[in-house]
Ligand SMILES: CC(C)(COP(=O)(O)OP(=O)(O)OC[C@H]1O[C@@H](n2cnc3c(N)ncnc32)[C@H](O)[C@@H]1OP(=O)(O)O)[C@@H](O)C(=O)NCCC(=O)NCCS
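What follows is a single chain, given as structure tokens, in the form predicted on its own.
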């Protein structure tokens, strides 16, 4: 399935909110995504999209199968992420993949893409928060060199603690990210319009 990695668009938000509500217990509201995509001057939201497909829909009165296309011009968001770049900090605010697409390496693809983007925007370090019990995500972040630097007590809405993790984007990290990005490009076939083109609104 050919994929495209690109800057998130307003027309993606419906799919993104759908995934957000399925994945997170305290999802972002719709207006937050609109702000990130259309207003924020530091946000580099990313979407991983699949091409159009035809899916069946049952016409209930006659119990006949009709066919329709869904999504953003037929495209479907299968994963997304949020990156804020403020001064020399790259803050990864969110990573999510559609539950039906887990196990394909899309979470790592999105993480590496945002780190690549942070480097392009001259960030000196990257940070993120992760639930204390989310050991799978922590293992991925540690793989990329992140380290726990603080515990945020009761950080999440349900009272769970969060870890603050940090990665210094020094020469060694840059080399590691570039190497991993190349390996991902060989493993997952996609077109990269996120790290190779300027932000359509911020033009950088």
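Please read all numbers here as calculations on a predicted model, not as lab measurements. Residue numbers count along the first chain shown, from 1.
Note that the form predicted together with the ligand isn't included here; everything after this is about it.
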Assert contact residue (the ligand, in the model of the complex, non-hydrogen atom within 4.5 Å, options 143, 175, 34, 153) equals 143
With a 4.5 Å heavy atom cut-off to the ligand in the model of the complex, the contacting stretch among 26-34, 133-141, 166-174, 39-47 is 133-141
Worksheet item: Would residue 117 sit within 4.5 Å of the ligand in the model of the complex, counting heavy atoms only?
Response: no
Using a 4.5 angstroms cut-off on non-hydrogen atoms, would residue 77 count as touching the ligand in the model of the complex?
no
Answer yes if any heavy atom of residue 89 is within 4.5 Å of a heavy atom of the ligand in the model of the complex; otherwise answer no.
no
message: in the model of the complex, is there a heavy atom of the ligand that lies within 4.5 Å of any heavy atom of residue 124, even though the partner is absent here?
response: no
In sequence order, the residues of 97-121 that place a heavy atom within 4.5 Å of the ligand in the model of the complex are 97, 101, 102, 103, 104, 105, 106, 107, 108
